[in-house]
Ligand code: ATP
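Only one chain is shown below, in structure tokens, and it's the form predicted on its own.
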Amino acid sequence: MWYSELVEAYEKIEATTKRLEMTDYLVELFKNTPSELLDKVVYLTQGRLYPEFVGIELGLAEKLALRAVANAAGVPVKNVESEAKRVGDVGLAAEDILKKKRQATLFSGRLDVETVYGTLDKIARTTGEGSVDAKIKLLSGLLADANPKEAKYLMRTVTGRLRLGVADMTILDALAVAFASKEQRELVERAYNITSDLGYVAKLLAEEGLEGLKRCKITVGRPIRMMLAQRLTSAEETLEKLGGRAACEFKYDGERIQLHKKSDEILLFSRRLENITAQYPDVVDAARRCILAEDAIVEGECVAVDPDTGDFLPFQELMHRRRKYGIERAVKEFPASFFLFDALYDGEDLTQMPYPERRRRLEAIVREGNNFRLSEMITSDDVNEIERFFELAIESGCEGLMLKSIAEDSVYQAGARGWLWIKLKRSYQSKMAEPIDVVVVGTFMGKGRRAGTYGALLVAVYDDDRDVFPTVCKLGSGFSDKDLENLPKILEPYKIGHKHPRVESSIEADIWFTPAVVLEIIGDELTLSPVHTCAFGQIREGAGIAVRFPRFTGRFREDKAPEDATTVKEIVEMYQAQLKKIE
């Protein structure tokens, strides 16, 4: 398969903001892709080489990539850098420079997908002494055989800026249409939810059809997409929603981790399915001692602990673990406790079993230690008892409670946010003392002291019904001078020249971004807004919901994907709860 065929599809996808059109282009692309290459085409379309959990990153520094363009075109590096600065896009810069070069010479090169993928894989895996020059040489070779359009997408791919606006759910839609049917999409999504690997699912579906997907099983080492919770505002309302009786667990203020054990090998995956094993050597050691099953997949929350008092520390303290070097020192300064709350596999797939059975199986395979324990839990149908347990959780340094269904259908809904789990946090009980997680989608240039940099951000929440990001407020308060200095660097990789297809905004930002960076904000209250699109028309015609007087709490949520941000449904529920309190 020629790489130009892939590029042609990318051009069409980039030219539209309509999800249905994107899906149609993907269906056409997937149908025309040889089945043995389909996994590679899917990964490339995602802007990567492997699923997230494999941990092989393609990202090449922009300066190195521009040197490769200079080598391929036979021009000075400063010319390439100047062009990139002028157009604001390394891909367009490569396209422009190679277009001029091709006009002046005879060009007969042609790239196929296998060559492109294989070379990019070599670039990603090249390490050690001399690796920089080797990476540049490999990329230069690709660019030398690429036409200008191919060069544009090669550069965007290697620098992590493909920006097609294609979400995982859109790819699943296209795969279902291409190789099954819309009615069977649920089966396709289930395979993805238990493997977290779109390329694997695509190839399996193309080669073995739906029967192949039905044989798809949970595998230790492949993370399962995590089940997510809804939220309500009171224990009484929550209990009613869960059928009058529920399991109530402490909601710890830490990092959610899915732990995989195969004999003595331990792997830890974050909520975003990244392999974070190296950051928690103490948890790995404890898991070897405390998990009795030979093979297991369990979930829990990792919480930072004050080494002097044993008290829980805020989530942000745990982020000191997110470093490449000095982990041993971080373990001493910020020790962690791991609290387990679910078992997904113990040699048998447990995800289709009711929650009480999964909890029982969890208790059977865990031998508790000092820093490796089961989550605190009671089962109750008494609102007063739940509220007292809630107060105990808060006093212990937790965020609140997680209430879980104990009904026969209380299965583990991999990758879904359903009503089987409901969060009850302390600040849901008041006005807007509860922070929310928002996604940066745009920015406005500053004035006065902030002249020349970002003055305010345009932020959005997530609509999980429609897979879009509607705006909820402009955010300009709460940032330290250091935050303001770092924001352009943090957001630079996600800058795009137009509003992202998944962003809904009636406000025109000065600069637009791909939804990627999640941060935590708090505000005085939620109000109706004629300009913001969150829950537009749901409360009152012609109005959405906005955060009034929002401010940044100082927490960048690197552990959350944009789809893990606060949802529109949650905002609506918070607003309605606010109205009840006023009444």
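In case it trips you up, residue 1 is the first one in the sequence shown, and so on. A quick note: this is a predicted structure, and the numbers were derived from the prediction, not measured.
Only in words, not in the display: the form predicted together with the named molecule, which the text now covers.
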Original post:
Quick one: does Tyr462 come within 4.5 Å of the named molecule in the model of the complex, counting heavy atoms only?
Top reply: no
Original post:
Given that the partner is absent here, does Lys560 sit within 4.5 Å of the named molecule in the model of the complex, heavy atoms only?
Top reply: yes
**OP:** Verify the contact flag for Met402: yes if a non-hydrogen atom of it lies within 4.5 Å of a non-hydrogen atom of the named molecule in the model of the complex, no if not.
**Re:** yes
Original post:
Quick one: does Ala229 come within 4.5 Å of the named molecule in the model of the complex, counting heavy atoms only?
Top reply: yes
Original post:
With the partner left out here, if you bring back the named molecule in the model of the complex, are Glu301, Phe341 and Asp437 all within 4.5 Å of it by some heavy atom?
Top reply: yes
Original post:
So which of Arg321, Arg502, Arg225, Arg417 reaches within 4.5 angstroms of the named molecule in the model of the complex, heavy atom to heavy atom?
Top reply: Arg417
Original post:
Out of Ser410, Ser375, Thr233, Asn193, which one falls within 4.5 Å of the named molecule in the model of the complex, going by heavy atoms?
Top reply: Ser375
**OP:** Name the stretch, out of 380-388, 273-281, 249-257, 154-162, where some heavy atom lies within 4.5 Å of the named molecule in the model of the complex.
**Re:** 249-257
